[in-house]
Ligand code: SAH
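Consider the single chain below, provided in structure tokens and representing the form predicted alone.
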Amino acid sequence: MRSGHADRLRRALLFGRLPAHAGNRRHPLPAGLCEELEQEYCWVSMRSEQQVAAADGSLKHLLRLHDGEAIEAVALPGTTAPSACLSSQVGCAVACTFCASGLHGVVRNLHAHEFLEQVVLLRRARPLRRLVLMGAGEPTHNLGNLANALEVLRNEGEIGPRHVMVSTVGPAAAIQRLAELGRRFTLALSLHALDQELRAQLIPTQAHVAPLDLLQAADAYAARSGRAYQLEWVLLGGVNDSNAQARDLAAALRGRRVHVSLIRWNPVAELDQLQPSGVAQAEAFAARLHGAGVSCRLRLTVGGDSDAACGQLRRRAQLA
């Protein structure tokens, strides 16, 4: 096969197209080649086993991998910059006490091609221009494969670093490793509490990490990348949603280049000791941040009627 044909096939695949649709009038592929390729080769190693649509326009996929394991990927609603949330691992080692992804630990890292294949399969259903690495897994635990996949997407998939957000719980060294890649990704810091003891209860594997150290590392990342970072805060009723906690967070963020993304916790059946913040309390928390001059948004729970929280659809498939 000529290299030009291979280039067009590879790009077509990254946009969710099969070989039959890789050519065009100006650069057609040889007659019979596309049919032969589709018959002889497997173009993706995973399949979309289940799709669950939500009333808000999100579409959640349960993706079955070549080894029988499963992950989730979500196409998010949006018209100007359609986006998707991707997984980075099968399971998760972080074990946040409010998240379904880590209920049974981590099975393995995803390979670089499995990051790309999530994009391929999601693009078969709808356009995709922006990625958020907030699905199952801790992206910085699989940074090499992630970086390789994002390099391919930048060069051939029309998704550059400015259209990629990478989430991490830390520690500070993980944020430093992201910075050392030299890409201008948007950093999303998964914080959830300023008090170290409380954060240790929410994320026991990060008990040794001081939240203020994470903020300093995120500041350094913002200075190096030239991009403000996002701070993620899942609102848990009676845990981290008080007026005093909002006041303290606003004080800690004063003068920092940060946007706060608040979201009410999406309940997980196995974690019935927790509850989401009430709507009024969540709105009051956001209002206190706004009043203190902090850039902040109280997000709607996307896909709330489709097992939206990370790991829930995979968990349901495991229990079936």
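For every residue, the number given is its place in the sequence shown, counted from 1. Everything numeric in this text was worked out from a predicted model, so none of it was measured.
Absent from the display: the form predicted in complex with the ligand. The rest refers to it.
Participant: Using a 4.5 Å heavy atom cut-off, which of 213-221, 109-117, 151-159, 167-175 contacts the ligand in the model of the complex?
Facilitator: Flagged stretch: 167-175.
Participant: Only one of 131, 146, 234, 249 comes within 4.5 Å of the ligand in the model of the complex by heavy atoms, so just point that one out.
Facilitator: Among 131, 146, 234, 249, a heavy atom within 4.5 Å of the ligand in the model of the complex occurs only for 234.
Participant: Can any non-hydrogen atom of residue 99 be found within 4.5 angstroms of the ligand in the model of the complex?
Facilitator: So residue 99 counts as contacting the ligand.
Participant: Please run the contact check for residue 288 against the ligand in the model of the complex: heavy atoms, 4.5 angstroms, yes or no?
Facilitator: Heavy-atom contact with the ligand at 4.5 Å: absent for residue 288.
Participant: If we define contact as a non-hydrogen atom of the residue within 4.5 angstroms of the partner, is residue 190 a contact of the ligand in the model of the complex?
Facilitator: Yes, residue 190 sits close enough to the ligand in the model of the complex that at least one of its heavy atoms falls within 4.5 Å.
Participant: If we define contact as a non-hydrogen atom of the residue within 4.5 angstroms of the partner, is residue 266 a contact of the ligand in the model of the complex?
Facilitator: Result yes; residue 266 sits at the interface with the ligand in the model of the complex.
Participant: Select from 133-150 the residues with a non-hydrogen atom within 4.5 Å of the ligand in the model of the complex and write them out in sequence order.
Facilitator: Result: 133, 134, 135, 137, 138, 139.
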